[in-house]
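Given next are two forms of a protein chain, the same chain in both, each as structure tokens and marked structure 1 or structure 2.
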Structure 1
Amino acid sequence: MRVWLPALLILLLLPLFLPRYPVEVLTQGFILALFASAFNLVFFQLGLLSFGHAAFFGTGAYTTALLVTKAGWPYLLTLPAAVLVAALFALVIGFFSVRTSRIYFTMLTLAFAQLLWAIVHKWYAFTGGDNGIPGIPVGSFATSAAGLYYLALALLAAGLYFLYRLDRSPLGYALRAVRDNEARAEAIGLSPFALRLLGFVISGALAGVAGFLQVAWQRSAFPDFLYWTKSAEAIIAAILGGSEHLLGPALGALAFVELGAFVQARTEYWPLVLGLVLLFLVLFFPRGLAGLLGRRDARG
């Protein structure tokens, strides 16, 4: 981890030298990095592909948005509520989803997320429907580009450290044991269902933190936060960065956001160009961007 200390120092100093727009783009990268890292807990540790993680990102965002606009809560104080609500939704969805495996798990998580999206999209009286909840007051600290940057960086660093400790804990080894050989894990007394559900809930809670940050970045909340394409962003980031590496999804997210902003500013055909660049990276760097560091992360 000492290799990353200089990088962290550089990130801490960047807002002092960069104009507002690059700082905002980096902040969006941090938010996606946290979301992708949360998704990767299910993808790598549990060996399951979730297409419904946007549900937890979106519920975290809407919890914050509704508490601020309807209950008058200060923005920063909504973070525990956003985490709790996202975790509760993950508990309910996971209770049904982790009983299945492979493609059935993927389709069931997608179905739940699309169901929540449809409710939010049509519930005009409560969620604003497809108009969303615009103009959310997030306070002077989060309104400042530098302030939100440091908040997102701090929460990302805390999330990654938590995942680092989890990865090397008995729980982390138990999760990978269930992933690698469910029958053998059950034979030594582990409960595959309970472990998968616990991992899924932790992942959903971290995704809720990312949703909390997204509200401040956009000053609004929209149904698109729960749509399947938001889940796809986390999947792309994890694959692009390297899901086998702890920092892989974060690197992939930063590369995805920065590359998207760079290409979009230079051509109206940016989706095509961005798609070709991502295709090149995936084909020629199968271990992801983190694989370029020259060593595999010490994971199971």
Structure 2
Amino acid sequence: MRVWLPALLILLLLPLFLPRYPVEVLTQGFILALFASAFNLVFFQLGLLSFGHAAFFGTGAYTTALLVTKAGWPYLLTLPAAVLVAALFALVIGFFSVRTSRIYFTMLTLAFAQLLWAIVHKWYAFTGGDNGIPGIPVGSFATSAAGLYYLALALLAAGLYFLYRLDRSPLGYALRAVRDNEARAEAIGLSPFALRLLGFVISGALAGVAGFLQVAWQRSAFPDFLYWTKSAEAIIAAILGGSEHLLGPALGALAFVELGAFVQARTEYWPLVLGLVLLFLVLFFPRGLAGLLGRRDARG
């Protein structure tokens, strides 16, 4: 805790000193951090690699975008709805997916997310098709760079605190028990299917919060929010940062976004640089950025 309080204080004071652009970049970092941390709940605690988390990010974002533009809801009030809809999609997709394991789980989550993407991409009457929903009025608070910064920081901090408590709770131990030895977990009375589904739904709901924030950041919603490359961003951030550490995915996301902004200001070949960085990290630093800080103590 000694490290985190000053870090939080610095993050709270930053918008007072920084110009608009770096504040916006940091905000994007917080959003991806929340998305990657949500993904990591399924990846680390359940031991399942989801390639479909863009589905929950995207449905959360589109719920907010549609409620604001079609029903005239104030932006901030759409948060519960975005969480609920993302959780519902996670419930349906998870219901089918968590029965399978390994590569089949990865492919099934990918298939469902791509199915939703295909529908959003083509349903011009409802979702705007491949034009997306541009020019969403998100209110003066979320329009100001500092306002959105604090909103994203608050939701990220709340999300991370929630994940921290979950990690230490009996539920966290139960999830890891199912991950490590399904047969034994079942023998002591745990229900692997129910636990996996619960973890998956919580993860989807958190990803929906990130989607809700993304709408304000871009003041638009696009089908790309549901495309498989969006899911890949969460995976990269989580593994880059170190999925074993609670803060690893968030650190990875911040590094990913900051590096992206730095490189994009200098060259258009950001994917090339990212690809080379990933090659280098996978081949030489397999335990991620958090791996440099120290090992997570072996628990439960």
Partner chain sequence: MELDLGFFVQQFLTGLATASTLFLLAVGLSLIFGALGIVNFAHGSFYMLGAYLLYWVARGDPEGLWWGMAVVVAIGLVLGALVERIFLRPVYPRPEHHQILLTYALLLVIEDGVKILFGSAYKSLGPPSALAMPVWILGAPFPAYYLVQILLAAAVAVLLWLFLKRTRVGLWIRAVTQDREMLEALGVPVPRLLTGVFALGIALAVLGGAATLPMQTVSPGVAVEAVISAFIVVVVGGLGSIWGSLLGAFLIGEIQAFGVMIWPEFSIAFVYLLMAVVLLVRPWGLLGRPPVVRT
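Fair warning: this is a prediction, and the values are worked out from it, not measured in the lab. For clarity, a rigid core is taken as the largest C-alpha set superposing within 1.5 Å between two forms. Structure 1's sequence is the ruler for residue numbers, which start at 1.
Q | Structure corresponding to the form predicted on its own | A | Looking at both copies of the chain, structure 1 is the one that matches the description.
Q) After fitting the rigid core, is the C-alpha of Y269 off by 2 Å or more between the two structures? A) After core superposition, the C-alpha of Y269 moves 2 Å or more between the two structures.
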